[in-house]
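Here you get one chain, nothing else, as structure tokens; it is the form predicted alone.
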């Protein structure tokens, strides 16, 4: 199936309608695989557009929160059914806009469908608790309450699944939302809004505005009507938004960077470990927060593993998608130069692809550095591209020290056949998601997603734990004695 390209100019989605920006400015959306191809034009929104979207969401909030949660879930099911019918169309748009292979894009859309299914079901599990009172004839229970208008700021690397998992969790709780997608991937956001519109979501419950993050993001955080912010993106931007949210007394959920490690011990299946590390490092062009960025190998297995990972990297190089834009390509190439200058040994890749197949896009080879030490920038900083560093460790204890010795703590994996070492790894690794004999990537809708340290804060996304950020608890005391009595206050 092929997406029909009409070079359309898309508006913002506010109050259930497509409207132009008050700025009157639009921006072209570029295909990263062919920088000469324009996919459409999207709004460069202003502060006034933020105000309009937030007011629309606030107006819709009261009726939306009063709609019973199971009925909110039914509307999410309708969105799921619409996206299911259009998943090839959405997947192809995602590929052309962000650069993933079609199969990777299809996998992302299927993840979004699973997420909608899960959170739709949470509408029938929107439980509180009954709690015993120390007083006779008193009934105490708790219930969840929505926050109000929530701002959702999402990145370009998963422009379908991340907006969906934020929107679905927020909406099932009774909040209304304003989505601000990345300015690099507005097309997929438009297709998501079309699905919500066709599903007959009440006007104003879901809104979407496109444009510059520095303009829209800051304005959303500052807007008095916005009660909470959920952000996924770079650590630098997340920290700025966190400070801004703190000034305005608003809760903020942050999902930020990763420097994810795979530990390979000398008893591991090295073919399995190399295949998983290559998939984690080079799949989606390394442009995901859970990407494998480091492999820490026990000394006696180092040479053999390095040979195997280089073979895997070379096989994958020609099938990689592009970096999302020219700036990201430059960043990756700069890190490759940094790695060489710091003393890392470039054993595979390291160049921009400039043959006729790749000339018009932002492509770089699968890249592997060996002889990397923990003090090098490529061992500590997030590259967000197809660059893998191989480090050596004396034993598991040494490997854990290296794995934990970075500011991030999102995901990690170990390859070994020793059960005792598996559980030692689980006990000691400082990450939010642990994988045993599998890649650092991947996650399921019913499982909490998120990291420790500078990878994230403000609570987990996905799984039932996602409801914690998007709700507040209300405790209710019911005295049914039928007559007045003296209350003992203490």
Ligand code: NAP
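Positions refer to the first chain, counted from 1. Quantities reported herein were computed from a predicted structural model and do not represent experimental measurements.
Here the subject shifts to the form predicted together with the named molecule, a form of this protein not shown in this document.
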Handout entry: Proximity to the named molecule in the predicted bound form, single hit among 133, 101, 404, 234 (heavy atom within 4.5 Å)
Key = 234
Completion exercise
Residue within 4.5 Å of the named molecule in the predicted bound form by heavy atom, from 322, 280, 204, 181, is 181
Exercise for the section: Report yes if all three of 73, 117 and 195 come within 4.5 Å of the named molecule in the predicted bound form by some heavy atom, otherwise no. Expected result: no
Exercise for the section: Check whether residue 214 has any heavy atom within 4.5 Å of a heavy atom of the named molecule in the predicted bound form, and answer yes or no. Expected result: yes
Problem - Non-hydrogen atom contact residue 335 with the named molecule in the predicted bound form at 4.5 angstroms - result: no
Handout entry: Heavy atom of residue 385 within 4.5 Å of the named molecule in the predicted bound form
Key = no
Practice task
Mark residue 106 yes when one of its heavy atoms lies within 4.5 Å of a heavy atom of the named molecule in the predicted bound form, and no otherwise.
Solution key: no
Practice task
Select, from the options 251-259, 85-93, 140-148, 266-274, the stretch whose residues sit within 4.5 angstroms of the named molecule in the predicted bound form by heavy atom distance.
Solution key: 251-259
Exercise for the section: Residue by residue through 151-165, tell me which have a non-hydrogen atom within 4.5 angstroms of the named molecule in the predicted bound form. Expected result: 153, 154, 155, 156, 157, 162
